[in-house]
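We begin with a single chain expressed as structure tokens, specifically the form predicted on its own.
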Amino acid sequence: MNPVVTISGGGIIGNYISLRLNQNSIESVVIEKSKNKISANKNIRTVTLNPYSKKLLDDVGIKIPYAKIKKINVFDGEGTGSIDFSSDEINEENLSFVVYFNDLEDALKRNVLKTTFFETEIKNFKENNNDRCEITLSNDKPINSIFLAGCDGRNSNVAKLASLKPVTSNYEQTAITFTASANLKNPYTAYQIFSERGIFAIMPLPSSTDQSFYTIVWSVDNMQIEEQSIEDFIKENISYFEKKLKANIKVNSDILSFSLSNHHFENYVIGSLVLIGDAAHSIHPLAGQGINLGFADADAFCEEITNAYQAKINIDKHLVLKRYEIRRKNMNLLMLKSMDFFVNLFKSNNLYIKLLRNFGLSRVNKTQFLKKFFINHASGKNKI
């Protein structure tokens, strides 16, 4: 087997890359360790797509239910500082779109089933004398590929095989997510509240009949849930956010939780191997940008591969991969550092820092240039 690109990991980003390359007549295969099955779990977890990520999906024919977000209201629950973002400020119809994680993953998986090897992992790989990558699977079958794309998450198997060491940091926080019904007054609006009870975000859910269903992503310091269950913590603290939002919120799903940390690699490329999406980097979910950074990575990678093949010249794969790395590494690191700054800023109980962040939010809210810069960056308009 001699595909142009072998993809380690059949998740959202890996399957998107495979679908897009195949549609451009560039052969790819996906190596996925899990079984071939469509998700049987309930729809609870969501992801937020910016307009550019949604366009990428539209362009490859992925159609799934989504909820539109036209406005985002962000405020400091402990003070008066606030900032509002609107799609009108950047001449867009929507700021972002909320989709169910399972819907997106399943839709992409269905489109690449024929080129996916399930219940299989990459056991090892090495460069050969013809400047190709010799890959051995866990079933001992060989693959001879030009590129090996690591899209297998933050604990990337291929990164470990290449002895790449990530730079990591633990936020000492837990993300809690569930769906709820709420009687919020403003349609197509998302809210984010920074408070001593955690970072609380509530966004509309995809629904064709009822606009009162929302997804909640709530990041809390681990020390706050050390001596009580997550369920009890929610019961004791959700009324605080109900008062802030002037709404009733009722949990109507199971509650999921996961520890929060970040990581990144100083090098995304070594030989034929390239790391993409969560395999290369992960950030705090407070701005919902993790999946969008992954799609931006995937877009840049596919562009570089496709442009090289359309030029119909000898492919310099090292130049192709280096161009991808240059385009994406610094942008991803900037976003990671920015999220860390905001997390640390709003975790602080220092009175002067609280005053400063209240002033800062209100100041930015009055400065159209800064607001437009932030919205354009989050929406994917600042494309490199």
Ligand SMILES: Cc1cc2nc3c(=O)[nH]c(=O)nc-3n(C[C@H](O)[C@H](O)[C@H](O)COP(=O)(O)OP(=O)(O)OC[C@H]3O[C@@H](n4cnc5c(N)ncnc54)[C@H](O)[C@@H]3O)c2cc1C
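When you see a residue number, it is the position in the sequence shown, counting from 1. Here the structure is a predicted model, which is why all the values come from computation and not from measurement.
The same protein also has a form predicted together with the named molecule, omitted here; what follows describes it.
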**Asked** Any chance Q224 has a heavy atom within 4.5 Å of the named molecule in the predicted bound form?
**Response** no
Please tell me whether any heavy atom belonging to T120 falls inside 4.5 Å of a heavy atom of the named molecule, as the geometry stands in the predicted bound form. yes
Exercise for the section: Indicate whether the named molecule has at least one heavy atom within 4.5 Å of a heavy atom of R45 in the predicted bound form. Expected result: yes
**Report entry** Contact flag, G153 vs the named molecule in the predicted bound form, heavy atom cut 4.5 Å
**Finding:** yes
From V74, I146, I291, I199: within 4.5 Å of the named molecule in the predicted bound form by heavy atoms is I291
Within 252 to 266, the residues having any heavy atom within 4.5 Å of the named molecule in the predicted bound form are F258
